[in-house]
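There is one chain below, alone, in structure tokens, taken in the form predicted alone.
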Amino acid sequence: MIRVRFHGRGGHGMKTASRILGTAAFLEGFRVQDSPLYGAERRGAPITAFTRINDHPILERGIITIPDLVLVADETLLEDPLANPFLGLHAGSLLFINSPTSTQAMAEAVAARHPTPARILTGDLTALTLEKIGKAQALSATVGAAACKLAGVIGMGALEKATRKELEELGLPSPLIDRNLEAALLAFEQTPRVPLASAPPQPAPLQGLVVPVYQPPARGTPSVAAPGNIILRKTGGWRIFRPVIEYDKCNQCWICFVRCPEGAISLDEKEDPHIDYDHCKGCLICVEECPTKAVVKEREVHAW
């Protein structure tokens, strides 16, 4: 059994990446199982997807808690306790992180903050996706291709057929599918083949009996009685690009302030706009709307 877990954000295409891996493995003659896990369907929120590959019937179900291969599409998720990509990693596991940081530097940073027995590997799939597809968030084809290479049982022909099939089912136009295929095949070529080692057998954890307790309507119904707390959830880690204001070009038109859908831009006493990077999600509407081009974008994908 090869157990693969994908970590990404809404809009990265991790569900599609897991399906590309599963379909490619199926075309190679394996039994496969893939499924996503996500809560509120909002762009930028963490999601997880799972793929199992075996040459025998797969009797496991549910999430993968002890993976052989983990792919992280956004390295800022390494610091997200809800995503927790380090869960269940063992000495035979491989942790692939989409990052421009070198493998050695990333391994040192992970060892200092989140010690894990797993091996670390990095690759800049965002730059490849941006170059070939023109949209940095469209990572499904390149992450799926890296997963196919690292799984060690899938050839380039199966990857190409699986990628085309999954993207056609999404309704993508042919020129865009061709660009995705070009990026996927290049990602497959550039990703080194690293042998995986399965986890030692683990006993199934015993589950205690849970007795449901009746809650009064104030708690047992879907009512929102507490004050808003979104300010406590710092969504700045969702960005791939950050907007930066060049004040020598700013004419204080307030358009960025008015257009920001998250209210992450405020005005000071001089009416100069300022960006709250703790909550700016990197939608870049301010970059598009600024008439003087005083707001520019900079790539930002570093977790540390």
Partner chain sequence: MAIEHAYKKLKEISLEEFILPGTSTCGGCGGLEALRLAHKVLGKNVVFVNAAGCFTLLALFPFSPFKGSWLYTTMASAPAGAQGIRDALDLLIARGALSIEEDLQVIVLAGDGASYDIGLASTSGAIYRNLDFWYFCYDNEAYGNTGVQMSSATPYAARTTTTPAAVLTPEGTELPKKDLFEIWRAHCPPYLATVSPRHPLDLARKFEKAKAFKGPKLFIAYSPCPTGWHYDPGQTPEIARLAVETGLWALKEAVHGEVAHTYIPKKLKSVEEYLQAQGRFAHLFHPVRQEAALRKIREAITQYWAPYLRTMQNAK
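Residue numbers count along the first chain shown, from 1. Rigid core here is just the name for the largest C-alpha set that superposes within 1.5 Å across the two forms. Treat the numbers as computed from the prediction; the structure is a model and nothing was measured.
Here the subject shifts to the form predicted in complex with its partner chain, a form of this protein not shown in this document.
ask   = At the 4.5 Å heavy atom threshold, is Pro261 in contact with its partner chain in the predicted complex?
value = Output for Pro261 is yes: heavy atoms within 4.5 Å of its partner chain.
request  = Verify the contact flag for Ser102: yes if a non-hydrogen atom of it lies within 4.5 Å of a non-hydrogen atom of its partner chain in the predicted complex, no if not.
outcome  = Close contact is absent here: in the predicted complex, Ser102 is far from its partner chain, nothing within 4.5 Å, heavy atoms only.
ask   = Is Phe241 close to its partner chain in the predicted complex, meaning a heavy atom pair under 4.5 Å apart or at it?
value = It does not: once its partner chain is placed as it appears in the predicted complex, Phe241 has no heavy atom within 4.5 Å of it.
message = If we define contact as a non-hydrogen atom of the residue within 4.5 angstroms of the partner, is Lys249 a contact of its partner chain in the predicted complex?
response = No, no contact at 4.5 Å.
task = Work out which of the listed stretches, 86 to 94, 188 to 196, 220 to 228, 154 to 162, brings a heavy atom within 4.5 angstroms of its partner chain in the predicted complex.
result = Among the listed stretches, the partner-contacting one is 220 to 228.
message = What I'd like checked is whether Met106, Asp124 and Ala138 together line its partner chain in the predicted complex, meaning each has a non-hydrogen atom within 4.5 Å of it.
response = No.
inquiry  = Can you list, in sequence order, the residues from 72 to 104 that come within 4.5 Å of its partner chain in the predicted complex, counting heavy atoms only?
reply    = Contacts from 72 to 104: none.
query = Is the C-alpha displacement of Phe257 equal to or greater than 2 Å between this form and the one not shown once the rigid core has been superposed?
reply = Where the cores coincide, Phe257 still shows a C-alpha shift between this form and the one not shown that is 2 Å or more.
query = Taking the rigid core as reference, does Phe26 move its C-alpha 2 Å or further between this form and the one not shown?
reply = No; Phe26 is a residue whose C-alpha shifts by less than 2 Å between this form and the one not shown when the cores are overlaid.
message = Given a core-based superposition, decide whether the C-alpha of Ala226 shifts by 2 Å or more between this form and the one not shown.
response = After core superposition, the C-alpha of Ala226 moves 2 Å or more between this form and the one not shown.
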